[in-house]
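The chain below stands alone and is given in structure tokens; this is the form predicted alone.
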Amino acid sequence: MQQHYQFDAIVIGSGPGGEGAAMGLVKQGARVAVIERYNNVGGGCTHWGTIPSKALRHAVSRIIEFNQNPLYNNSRTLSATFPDILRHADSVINQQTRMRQGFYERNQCKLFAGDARFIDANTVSVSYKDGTQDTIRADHIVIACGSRPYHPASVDFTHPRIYDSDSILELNHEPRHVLIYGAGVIGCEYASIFRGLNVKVDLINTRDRLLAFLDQEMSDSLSYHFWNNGVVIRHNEEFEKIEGTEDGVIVHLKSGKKVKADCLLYANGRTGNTDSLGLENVGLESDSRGLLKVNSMYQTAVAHIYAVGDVIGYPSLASAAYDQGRIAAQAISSGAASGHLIEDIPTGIYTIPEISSVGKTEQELTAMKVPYEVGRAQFKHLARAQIAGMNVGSLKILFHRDTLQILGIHCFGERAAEIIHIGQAIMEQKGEGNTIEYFVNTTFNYPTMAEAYRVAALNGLNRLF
């Protein structure tokens, strides 16, 4: 029998954006309904994106670390298949799901496990797998339904050897050669994972360099590292046709080349999950990639309907989505949001080794005609890196020649996504506390990777005249 519910707020989606909004609202005393169509909470971040890919990466990087360590060279070489390491990812996903389920239960959020669709501007229907429906009414609604891999119509994703970044987690054979189409963050991360498992990798890049939004030196470091490890990168290529065969895939490129492999991972773009929401029933429209436009408080064109996370596009990061959800909750509860996303959001790219950055790149500062200087530290010169055998990598600090203010920090190497936060904390200080001199005047534990900041600061200050 159909039930009718009344709540203060409805949150569509239980990923980081939905969780941030739901928890923020509940703490202010709101009665919150959360609609999640998958059979577990956590969204794409927990089940298909951030968490599984990073768990896979961790397992692979530990295998590489073992095999490269001279201490173990006389013993057997460690190896694993993709299905082997998927089991490790599954255990992490289960832990994350249980923990997040606990958040909703403890805070008395009512979970509805079904598909959401707008009936009108304040009413949402929930359709269940058994064909039944409920309706929920609320004064405020937060759309946090996330995104999915983009599927061009000409590519047959039902073919058993053609995968996207979601379905690759169901890969159950052992490919010797993988083709990755799209060299964005997801494509580069999976190139690292497969190459680390000794699988041949062809990375097809539709642009002229890898991860063009990065500082060029970091992008070049990754390109060199891939090349040095045997990844074949094909720049400025687009597919004409993707042909699935009985035992693999042939990609026909517009340049006339053909590339054959055991399987293809198509990782070129994502689409917002808005097509089934019935947006036309509330007068909202998404763009060609299924994304919604919002203002600084994450309100859509309909004032009491908000949108957060991947469904609004840039920066499409789990960390930012959670903060966006909290800000939207604040706007709903108080009528305005005092918080806002920080200007310099750090990026972490979990290739092997990692890349992380915050602030401006050298290219941006040059274009802005800012007189900057560079301080560098090579990991191979740090005692901690030598002890751990983490000799690949570097830290680069960009700072103003005159004021010594930190303008950007870029790190390539193992643990980069952790190391970046030390610099971020100083860079975010107000007044005169955000200069490179902090790193020279403070004392670091020795030996640590953090000490790279002192080395880089001294190196930079030595360039001044």
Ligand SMILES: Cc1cc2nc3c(=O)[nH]c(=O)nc-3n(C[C@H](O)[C@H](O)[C@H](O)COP(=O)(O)OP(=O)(O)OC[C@H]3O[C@@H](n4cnc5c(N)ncnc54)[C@H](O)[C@@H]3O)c2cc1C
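Each residue number is its position in the shown sequence, starting from 1. It should be emphasised that the depicted structure is a prediction, and the values quoted were computed from it without experimental measurement.
Beyond the structure shown, there is the form predicted in complex with this ligand, which is absent from this document and is the topic of what follows.
Undergrad: Please check if residue 415 has a heavy atom lying within 4.5 Å of any heavy atom of this ligand in the predicted complex.
TA: Residue 415 lies outside the contact set for this ligand.
Undergrad: Even though the partner isn't displayed, in the predicted complex is residue 37 close enough to this ligand, meaning a heavy atom within 4.5 Å?
TA: Looking in the predicted complex, residue contacts with this ligand include residue 37, since a heavy atom lies within 4.5 Å.
Undergrad: Can you tell me if residue 270 lies within 4.5 angstroms of this ligand in the predicted complex, counting non-hydrogen atoms only?
TA: Answer yes; at least one heavy atom of residue 270 falls within 4.5 Å of this ligand in the predicted complex.
Undergrad: Using the partner position in the predicted complex, report whether residue 354 sits within 4.5 Å of this ligand, counting heavy atoms only.
TA: No, residue 354 sits far enough from this ligand in the predicted complex that none of its heavy atoms falls within 4.5 Å.
Undergrad: Counting any heavy atom within 4.5 Å as contact, can you tell me which stretch out of 249-257, 197-205, 155-163, 270-278 lines this ligand in the predicted complex?
TA: Residues of 270-278 come within 4.5 Å of the partner.
Undergrad: Quick one: 24, 141 and 333 and this ligand in the predicted complex, is every residue within 4.5 Å by at least one heavy atom?
TA: Heavy-atom distance to this ligand in the predicted complex: none of the three under 4.5 Å.
Undergrad: Find the only residue in 147, 223, 286, 300 having a heavy atom within 4.5 Å of this ligand in the predicted complex.
TA: Filtering the options by heavy-atom distance leaves 147.
Undergrad: Select from the listed residues 81, 378, 316, 135 the one whose heavy atoms reach within 4.5 Å of this ligand in the predicted complex.
TA: Exactly one listed residue reaches within 4.5 Å, namely 316.
Undergrad: Between 102-131 and this ligand in the predicted complex, list the residues on our side with a heavy atom within 4.5 Å.
TA: Contacts from 102-131: 114, 115, 116.
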